[in-house]
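What follows is one chain in structure tokens, specifically the form predicted alone.
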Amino acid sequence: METGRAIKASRSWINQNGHQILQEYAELLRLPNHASDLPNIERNCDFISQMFAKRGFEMQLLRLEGAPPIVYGERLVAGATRTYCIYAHYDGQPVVAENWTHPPFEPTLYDGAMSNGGRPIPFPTSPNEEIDEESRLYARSASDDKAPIISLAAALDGLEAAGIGLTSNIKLFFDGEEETGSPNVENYLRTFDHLLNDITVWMLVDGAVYPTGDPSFKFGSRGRTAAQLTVYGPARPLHSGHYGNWAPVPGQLLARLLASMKDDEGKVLIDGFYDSVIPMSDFERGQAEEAPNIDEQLKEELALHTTEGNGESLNLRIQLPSLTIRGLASGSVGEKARNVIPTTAVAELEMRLVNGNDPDSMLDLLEAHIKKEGWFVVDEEPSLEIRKAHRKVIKMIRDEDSFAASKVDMDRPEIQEVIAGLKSFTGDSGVFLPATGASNRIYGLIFNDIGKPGICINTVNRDNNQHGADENVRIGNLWYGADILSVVLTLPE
């Protein structure tokens, strides 16, 4: 089927029934949805199950003791030779209600972004009522990640009204604890593998479009690991006048160590840091290089004169592992600063990992570098005897919540089929990146652990205040979500 026919069906339905779409969405957004609030989580599950049951899906709640349910559904198509599974999550971040302009679970429509002077407006009530695509809907999870749920419902309704059938079996897998790290998803995938084994490609619908506003699609995410480093000076704080120039200063010791790990251009100097990276294919590198260059836009927005990497684009830099100092502490600053040499200095280091990097091995490389710089490394609080016996003592605590990167080979035939279909919709504006710079455990569980390919589809506006107060979604992005999902639902065989 031509992509244009699916888009026409989506837009026709939206133009006639936009008021009903927003009314149904407002009902869903009124339901509090933090993973720890199990009574309200159940209300979300029931609401979403009913939404898709009336749209032809066989629905059930997959349950594990003490965990939010997975909202699962399937709609089988006679003669279909492939099965797509659409992933989204219905849970949201906790809220601090006093920081919001309106109560976070009372959806409020604005004629534009608050930050641009937008004002509250009534919800539309009439068929064919024009709805400005620049208007914004404010509520917790309006963008992250209930948006694709309502967009999918609208896509299904539009296709049904136009008499256009689905071309693939469709399954739904809606997570109820993504914002708390999806601690039970691995167990769900294993326990209910009999429902998931026939999936051809997972469609993970989450996240914002490209910074230019172009449609964006990603095929993996970086892994992550971290370590806390504590270096030791005197056994008690010392007067900096009496002991300065004599007693070692922990902050300065730590600063020299950290400076040895990266050069001025951002290259990590730890031996072997890049050796395990599995390079991108020619096709993947080509896609990353063809993406609109956003570096100058971001440098202006972020007030940056220079970036790391000798001018290499952000899209290529995030395909490499990174080493970041995400926190430093020693003594006090500002009005609390004192004339003392502190006893310790602490650094929090994070590594974002790419395809081929093993988290434990990367931490081993870090530890080897620290030892090479002359440090005695311990993994627990060192005794005074140890501190007296060694010139430089450092405690290294490894992060236990590490996980590897996950990536789908974009050259796979079933992925190429999806890319071709999506490009028939996006034309030259689509951005297809080998991986996102962020880290998401669910990608690894699907791509690596159960060995299924997938694609991340981004639909919401970039300025959505995700996770923060006054979270919002641009209405035009809800409609775009319906359009792109209409394409997915009708990709040619």
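Under this definition, the rigid core comprises the largest set of C-alpha atoms superposing within 1.5 Å between the forms. Keep in mind that what you see is a predicted model, and the values were worked out from it rather than measured. Residues carry their position along the shown sequence, with the first being 1.
Absent from the display: the form predicted in complex with another copy of the chain. The rest refers to it.
Undergrad: Specify the contacting stretch among 336-344, 126-134, 140-148, 279-287, defined as having any heavy atom within 4.5 Å of another copy of the chain in the predicted complex.
TA: Answer to the contact question: 336-344.
Undergrad: Taking any heavy atom pair closer than or equal to 4.5 Å as contact, tell me whether L38 reaches another copy of the chain in the predicted complex.
TA: Result no; L38 lies far from another copy of the chain in the predicted complex.
Undergrad: Are any of the heavy atoms in D264 no more than 4.5 Å from a heavy atom of another copy of the chain in the predicted complex?
TA: Residue-level check for D264: yes, a contact with another copy of the chain.
Undergrad: For E179, is any heavy atom within 4.5 Å of another copy of the chain in the predicted complex, or not?
TA: No, E179 sits far enough from another copy of the chain in the predicted complex that none of its heavy atoms falls within 4.5 Å.
Undergrad: May I ask you to state whether T108 is within 4.5 Å of another copy of the chain in the predicted complex, using heavy atom distances?
TA: T108: no, not in contact with another copy of the chain in the predicted complex.
Undergrad: Here the chain is shown alone; which of L320, L363, L195, V77 has a heavy atom within 4.5 Å of another copy of the chain in the predicted complex?
TA: The residue in contact is L320.
Undergrad: Identify which of R190, H239, K372, R412 has a heavy atom within 4.5 Å of another copy of the chain in the predicted complex; exactly one of them does.
TA: Only one option qualifies, and that one is H239.
Undergrad: Can you tell me which residues in 466-493 come within 4.5 angstroms of another copy of the chain in the predicted complex, by heavy atoms?
TA: Counting only heavy atoms within 4.5 Å of another copy of the chain in the predicted complex, no residue of 466-493 makes contact.
Undergrad: Q252: with the rigid core matched between the shown form and the other one, does its Cα shift 2 Å or more?
TA: Yes: Q252 shifts by at least 2 Å between the shown form and the other one.
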